[in-house]
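Before any questions on binding or motion, here is one chain by itself as C-alpha cells, the form predicted alone.
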C-alpha cells in the first residue's frame, strides 16, 4: 500500500522527525484557510502516488494568497502520469541550503534491509545512482540484525552532510528505522531531507523532511487496524476492492488477457507467458494478476472468474492451475458455476495439471461449452489466449487497451 505524501508525513511526525507545517486541502476554499494558518510563501503540492509531479506542474510555489488559490485550481483537476490528483498539500516554504536523499527499504534480491543515502537529494534515486554512484552510501541490515546508534552515526558521517549536524542526521536515520519496523513498511524514503535555515545564522540551521514516500506491506494489514485511515476510496479500483472483500489477491493491469492461477509464482509465470506471446502488440498483454491461492473452493473460483470477466477490456481469460492443495476438479466446478450463474460468455483458455486434473478436464469436456478451450502446457495456453483475444478485438474493432 503506497501512501500519499500527507499520510506519510503523519508517520514521520509521530517519531518527531521534523517536517514543515502543512495542511491537506481538497478545494481552493480549504487552500485559502490553510494559507491563513501556515503563512506565506507556501508550496502547493498535488497529492498523487507517483513521482515526477514537479516536472508535470503538480508542485507550485505561491508568494501570495491569490497565487496559492490559483495554483490549487490548476493542480486539483490534474491527472499526473495516469494518477488523478487526490487533494493538495499546502506547506510552508523553507530556505533550503542543501538537499539529501535517505531511504530504508526491503531488498528482496539480497533478502535484507537497505539503508541508502546520498548528498544528491531532490531527484529520483535511480538517476542519482546512475549519475553519482560514487556518492551513494548503502548499508545492508540482515533480517535478524538491528540498526543502532553507532551504525547510524557512522553512516551519517560517511554520507557527507555539508555543515549538517551528524548526530542529528543519525537520529533521523534511527527514527526512520523505527517507522520502518513498527509500521511493517517496505519503503520509508525522505527526499529531500533538507538542511534549512539562515546561511549566516548557525543556530537556525536544521535538517527537515520536505517530502516523504512510504509503502506498507499489505500482508501485515491484519495487525494494523489503524491503516483504515489510509484507504483511498476516491481512487480505489472497484474490482480490486471487490477482490479484497473476498480475500483474493487481484491487481488490475492494462492488457486484454485476463489471468487466473493458484500461487503467486505460477500467476507471475503466466503473466510472463502472456506478455511473451503478445509481444509486438501493446494491447495483447495481461489484463490482471489474480491468485486464487491454495485449496480454493468452487465458490472462490467462480467469484474470481466473475471479477476478471467484469473488466470490459478483457477479451479472453487464461486459467492456469497446478493442483496441489487445490483440486482441478473443484476449479472446473467453479468455472461451470460462474458460466451458469452469470451467463459468462468470454472465451476461457484452461490449463490443468496435478491434483484431479483429469477429472476437471473431463467436467469441462462434458459441458460442451464452445467458449472453453483447453491446452496442455502454460505456453500453449498463453499463446491461445492471446490469439483469441486478438481475434475478438479485431472483430469488435478494438485493438487497443485502456485509455
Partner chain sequence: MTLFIENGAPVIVQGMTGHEGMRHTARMLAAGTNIVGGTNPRKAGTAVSFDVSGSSVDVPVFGTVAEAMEKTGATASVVFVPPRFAKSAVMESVDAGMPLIVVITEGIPIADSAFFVASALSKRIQIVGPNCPGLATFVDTEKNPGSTGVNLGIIPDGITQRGPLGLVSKSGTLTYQLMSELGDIGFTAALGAGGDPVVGTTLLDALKAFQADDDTKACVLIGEIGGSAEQEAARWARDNMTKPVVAYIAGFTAPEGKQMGHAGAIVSGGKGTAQEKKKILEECGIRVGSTPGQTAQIVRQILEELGE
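Predicted, not measured: the structure shown is a model, and the values here were computed from it. Numbering follows the first chain given and starts at 1. We call the rigid core whatever largest set of C-alpha positions still superposes within 1.5 Å between the two forms.
Below, we turn to the form predicted in complex with its partner chain, even though it does not appear here.
Segments offered: 243 to 251, 303 to 311, 148 to 156, 86 to 94. Contacting its partner chain in the predicted complex at heavy atom distances within 4.5 Å is 243 to 251. The partner is absent here, but in the predicted complex a heavy atom of 271, alone among 75, 271, 172, 328, sits within 4.5 Å of its partner chain. Scanning 165, 279, 114, 184 against its partner chain in the predicted complex with a 4.5 Å heavy atom cut-off leaves one residue, 184.
In the predicted complex, its partner chain stays beyond 4.5 Å of every heavy atom belonging to residue 128. Its partner chain in the predicted complex is not approached by residue 203, whose heavy atoms all lie more than 4.5 angstroms from it.
Looking at residue 379, you'd find a heavy atom of it within 4.5 angstroms of its partner chain in the predicted complex. Heavy atoms of residue 67 never reach within 4.5 Å of its partner chain in the predicted complex, leaving it off the interface. Taking its partner chain as positioned in the predicted complex, the residues of 303 to 342 that bring a heavy atom within 4.5 Å of it are, in sequence order, 322, 324, 325.
Core-superposed comparison between this form and the one not shown: the Cα of residue 28 travels less than 2 Å. The two forms, fitted on the rigid core, differ between this form and the one not shown by less than 2 Å at the CA of residue 11.
Annotation for residue 357: C-alpha shift of 2 angstroms or more between this form and the one not shown, rigid core superposed.
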